[in-house]
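We've got the same protein chain twice here, in two forms, each standing alone as structure tokens: structure 1 and structure 2.
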Structure 1
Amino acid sequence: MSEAVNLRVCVIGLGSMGFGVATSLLKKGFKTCGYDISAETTARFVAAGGKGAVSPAEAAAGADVVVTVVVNGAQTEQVLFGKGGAAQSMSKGGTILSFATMPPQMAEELAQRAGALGLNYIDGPISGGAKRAADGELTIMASGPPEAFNHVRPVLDAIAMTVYELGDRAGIGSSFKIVNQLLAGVHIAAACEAITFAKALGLDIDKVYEVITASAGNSWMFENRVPHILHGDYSPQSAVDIFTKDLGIVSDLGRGMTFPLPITSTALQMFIMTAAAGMGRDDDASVARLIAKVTGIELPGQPEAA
């Protein structure tokens, strides 16, 4: 392990997921440099024992592994290849671990640009949420050349409980993640619809949660998101805007393939309406707040919906 922790690692994007990734690396003994567009967030990482930087290029200077944990493909491209980007300053022969959800074709294009600079690229979208990121227990749906996986194995072991190696080229990992996001978004929208419907029926929604989580209608998203609604706490664990983006990618892919996605389309519109109502940066369980506003029911902590 001592040789492994000598890998120079940088994490770009220290949001709720990226901060957990970066601190998990610190806990495993990696000397880790972090960068975030928010200087305050970078300072918080420094306070946790990491090294901070004022640009992606500075953070990645001489790095063997660059981990990008940003919102989408456009941001990934910018922090890697834009002005002050990380790719030009990292160690030749190094590996980029790209964790953002993006269209598969874009992942392929980024991998080609990395290869032209003598860098490996792993297309590795993540799943698990902020808590599992902080605990080093993410699921990673990854694809890329075998030599790249061998190079970054110690890093993956430090931040993930499960790493699926899904193919030898970029784009495959993103395709798997898109299927996951289709299901996740639909399940969140369905959970919000179900719990607000229960409220409209005059049921004790705490008891509904207890019963449904022990019944066949349960889903991981119902079990995970409905407590946010019961507590009236919409602090963003995963924001509404994430699913307007991700289900938008699913919808675009389906349209390009002439593949019908009617349930996805309905869920996407629910997230878009929630964002349009001013809740885009709030927790994705805020879809329930939108339904409450439309129907006039009152949810915990939301008396204005009455």
Structure 2
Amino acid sequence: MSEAVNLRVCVIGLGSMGFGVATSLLKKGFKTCGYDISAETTARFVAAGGKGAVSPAEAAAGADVVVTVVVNGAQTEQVLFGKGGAAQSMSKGGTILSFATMPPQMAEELAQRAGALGLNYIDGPISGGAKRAADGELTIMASGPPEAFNHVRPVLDAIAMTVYELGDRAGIGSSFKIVNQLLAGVHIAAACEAITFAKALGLDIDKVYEVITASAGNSWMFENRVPHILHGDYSPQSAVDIFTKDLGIVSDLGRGMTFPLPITSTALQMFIMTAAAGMGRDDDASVARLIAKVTGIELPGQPEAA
């Protein structure tokens, strides 16, 4: 344990997920240096007991493990290999833990570039939301060389409740995450379509929630997101823009493979319509507000769209 804590860790990206990851590491006794593109956010991490830095390279100086918790593959590439990037300054033989959802091929490319610098790379998209990040209870769908997993095991133990080790090369973790996001996104859009349709049919939608969550029509997302609609609360636990992005990745990937994804594409269009109506940064259950707007039905406690 004391040896474990001797790993020097760097967290790049201190948004709602990264901040929770970095503070979970502090709580478990890791020396943790954090960097965010917003100096204000970095300062908040310093106030929470962490070490701050003015660039990824400075944050990663001498680090054994660099954790990237940025939005997508392009940002991951930038903070690792761009100007002032982390890859150049971290310890040789160190391990990069990449948490963004990205196309599998991009994860493979980043792993190759890391390998060329003598670094290990774990492709480990996360899920679980901000609260579970703060509680050290993320789920990680990860792939990479077994020795890299062994190296970062204490870090993973500190931040995740469940780590799926899905294969020995980058790209596999991202592929699993993409399949999960396909389903999650479709299920959110379907939940919004169903609950607004139920309202249009004149049903008591609280009762619909009770019946459906005990029936064959249930999904994890129906159960989790429909309460936002029932309470009229669209403060972003996960924003519309996240699924516009993630289903965009799925859709691009399918087209590149000449693999038809009709349901995914339709769900993606509903997220895009919702973003176009000005709700991109609101909770993803806002797809229901879009449908309500279009059809004129009234949902509970509906605030004006941002």
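For clarity, a rigid core is taken as the largest C-alpha set superposing within 1.5 Å between two forms. All values reported here derive from a predicted model rather than from experimental measurement. For numbering, take structure 1's sequence and count from 1.
Structure 2 is taken from the form predicted together with a further copy of the same chain, while structure 1 is not.
Between rigid parts that reorient between structure 1 and structure 2, a hinge sits in the chain, and the option from G217, G254, I178, I37 at that spot is I178.
C-alpha superpositions between structure 1 and structure 2 give a turn of 9 degrees for the smaller rigid part relative to the larger. The shift recorded for the CA atom of E210 between structure 1 and structure 2 is 4.5 Å, with superposition on the rigid core.
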